[in-house]
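Before any questions on how it binds or moves, here is one chain, the form predicted on its own, in structure tokens.
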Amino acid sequence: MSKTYNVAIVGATGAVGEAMLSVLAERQFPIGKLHLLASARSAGEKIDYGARKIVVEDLAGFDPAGVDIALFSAGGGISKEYAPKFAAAGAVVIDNSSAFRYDDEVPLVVSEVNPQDLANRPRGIVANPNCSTMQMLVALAPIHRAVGIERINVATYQSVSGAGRSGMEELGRQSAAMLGFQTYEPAKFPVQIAFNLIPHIDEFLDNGYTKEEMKMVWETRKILGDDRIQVNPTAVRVPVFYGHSEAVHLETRQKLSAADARVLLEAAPGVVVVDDRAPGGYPTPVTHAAGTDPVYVGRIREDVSHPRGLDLWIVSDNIRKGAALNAVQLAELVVKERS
């Protein structure tokens, strides 16, 4: 009989928690006991997992003893309070918040990019990167390994699901109201999101960038292990439900042709190249990313303004690969360690 692992999902009733459940089932993760944890107001709800109905438990009163792997997706405050308790009880914690990403004793891991870093986790905690950083580095890591990346200019076009269920509800209701010639005042977002673009995600910092943008700077360097990489991001919220898109301009340390970059990307794990120079021959959030696992790359071309420049268009489902899938892939690496 194959070994099973007791798994807890903290934040099980949220959008990412639900996706984690789906991915665990799809990938036939070897679960023994499965604990679904959330706040007291969600305790007692029943959630389907395969043929089973599992009752949601109150996180505050839960004893983590006996949990082998805990997947956290309930916000930084919850992670800071409870993740160390789960780790102290013997669980490997895989945290989807930003609470531990910049802790030197917590590895920040993308399964296809730096899986070797997962083994060094003295605190018993592994951090999942920001969704935008993650999809970008799945595509850029093979290029960096081949010729080195000197600078990244990136503009992100991030779907409302990145702001949680309330972000999706606001887009849906606001769009419906406007199509009915009614008004719907913004609540989740600072201005109207329906039929609009908002060049602002997370808090503004003293340097004029937002925290979301600076996450891409800090996390890229940590994951690739190279503090020399310069990253210049602009993060934009767009009226799309699922799937983040990124326009990426690279300046490499050695010249790499578009054709050679395409070969590297076609061989890269987790990447699907969609790069036909014809109408529709490129990935979009709706036609490719939403509900799927890969990171899609298209519009691969050499930059006409820089001798070592490359341009890419990168699209992925931010809830799946950007959060749930990578967390489960890290859990699979933990299982592989113990097998």
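Counting begins at 1, following the sequence as shown. What you are looking at is a predicted structure, and each value in this text was computed from that prediction instead of being measured.
FYI, the form predicted together with a small molecule isn't displayed, but the following is about it.
Novice: Within 4.5 angstroms, counting heavy atoms, which one of the listed stretches 149 to 157, 200 to 208, 73 to 81, 176 to 184 is next to the small molecule in the predicted bound form?
Specialist: Looking at the other structure, the answer is 73 to 81.
Novice: Using a 4.5 Å heavy atom cut-off, which residue among Pro239, Gly90, Gly164, Gly172 comes into contact with the small molecule in the predicted bound form?
Specialist: Selected residue: Gly164.
Novice: Is it true that Met136, Ala139 and Gly270 each have at least one non-hydrogen atom within 4.5 Å of the small molecule in the predicted bound form?
Specialist: Zero of three within 4.5 Å in the predicted bound form.
Novice: Although the partner isn't part of this model, could you tell me whether Ala327 comes within 4.5 Å of the small molecule in the predicted bound form, counting any heavy atom of the residue?
Specialist: Ala327: no contact with the small molecule in the predicted bound form.
Novice: Using a 4.5 angstroms cut-off on non-hydrogen atoms, would Ala15 count as touching the small molecule in the predicted bound form?
Specialist: Flag for Ala15 set to yes.
Novice: Is Ala290 near the small molecule? Define near as a heavy atom within 4.5 Å, in the predicted bound form.
Specialist: Heavy-atom contact with the small molecule at 4.5 Å: absent for Ala290.
Novice: In the predicted bound form, does Arg277 have a heavy atom within 4.5 Å of the small molecule?
Specialist: No - in the predicted bound form, heavy atoms of Arg277 and the small molecule never come within 4.5 Å of each other.
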